[in-house]
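Single chain ahead, by itself, as C-alpha cells, in the form predicted alone.
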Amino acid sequence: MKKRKNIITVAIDSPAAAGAGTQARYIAKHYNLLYLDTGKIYRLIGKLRIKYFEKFSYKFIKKKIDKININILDDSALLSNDIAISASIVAKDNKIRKIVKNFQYKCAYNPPKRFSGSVLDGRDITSVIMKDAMFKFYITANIKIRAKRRFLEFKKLKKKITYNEVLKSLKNRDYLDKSRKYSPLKKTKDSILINTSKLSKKACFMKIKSIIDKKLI
C-alpha cells in the first residue's frame, strides 16, 4: 500500500471507556487529522452479526467494510452492551481482523489530502496497525471510573442499565480484549502511558499536546 509522506500519525490503544476516543477527537481537530475509532468498526460488525446472523460470512463482512462510510460509526446504537459483547467475539476472529486491517491501514497511512495525517484509536493500533506511528499512546483509567463514565453516557442516551451491569460488562470486555489469541490489548514499550483517572478532558489533552508539539517543533 502506498503511504503518504510527511504526515502526522498518532496511534492510541486503550481499554474501553478510558477516554481515548475523546482525546483522539481533540487531537484530530487540533492538528487537522483524519480520525478513526477502530473499535467502532468491530462494533458495526458485531451489530451485523446480530442482525444478519444467518447470512453472516467473511464475504458479507468484506462487502460491507469496502463500502463503509466513517460517519456511520457515530451511530449511538453501537454503544449497547449486546453489541459490545458481539464486537469482542468477532474481534477474536483473525480472518475478520485481516479484513478490517486493510481498511485501517488505508485510513492511517493514506488519508484524504485535506487532512495533515491521521489518528487511530483501538486495541491493537500501536502493536499491529501503526507500529511506526510518529506518536504512540496507551490511555487507561481505573475500571470503576471507566464504568462510571460509560454509565453516565448510557444515562444521557436514556438507556436502561445499572452501574453494576456496566462494570460487569467492562470487566468482561477487558478480559476478552486482553486474552484473545490475535492482536490482544497491551501496552507496547514505546507507547507513552496516560492515566486519565484524575485528569479532566482538557488537562489530558494539554498533556498529550505538549508531547506532540515538542516533537513537531
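As the structure is a computational prediction, the values presented were derived from the model and not from experiment. Counting begins at 1, following the sequence as shown.
Only in words, not in the display: the form predicted together with a small molecule, which the text now covers.
Across the options 52 to 60, 37 to 45, 151 to 159, 65 to 73, residues that bring heavy atoms within 4.5 Å of the small molecule in the model of the complex belong to 37 to 45. Within 4.5 Å of some heavy atom of the small molecule in the model of the complex lies at least one heavy atom of residue 123. Residue 140 falls outside the set of residues with a heavy atom inside 4.5 Å of the small molecule in the model of the complex. Contact between residue 16 and the small molecule in the model of the complex is found at the 4.5 Å heavy atom cutoff. Proximity of residue 130 to the small molecule in the model of the complex falls outside the 4.5 Å heavy atom cutoff.
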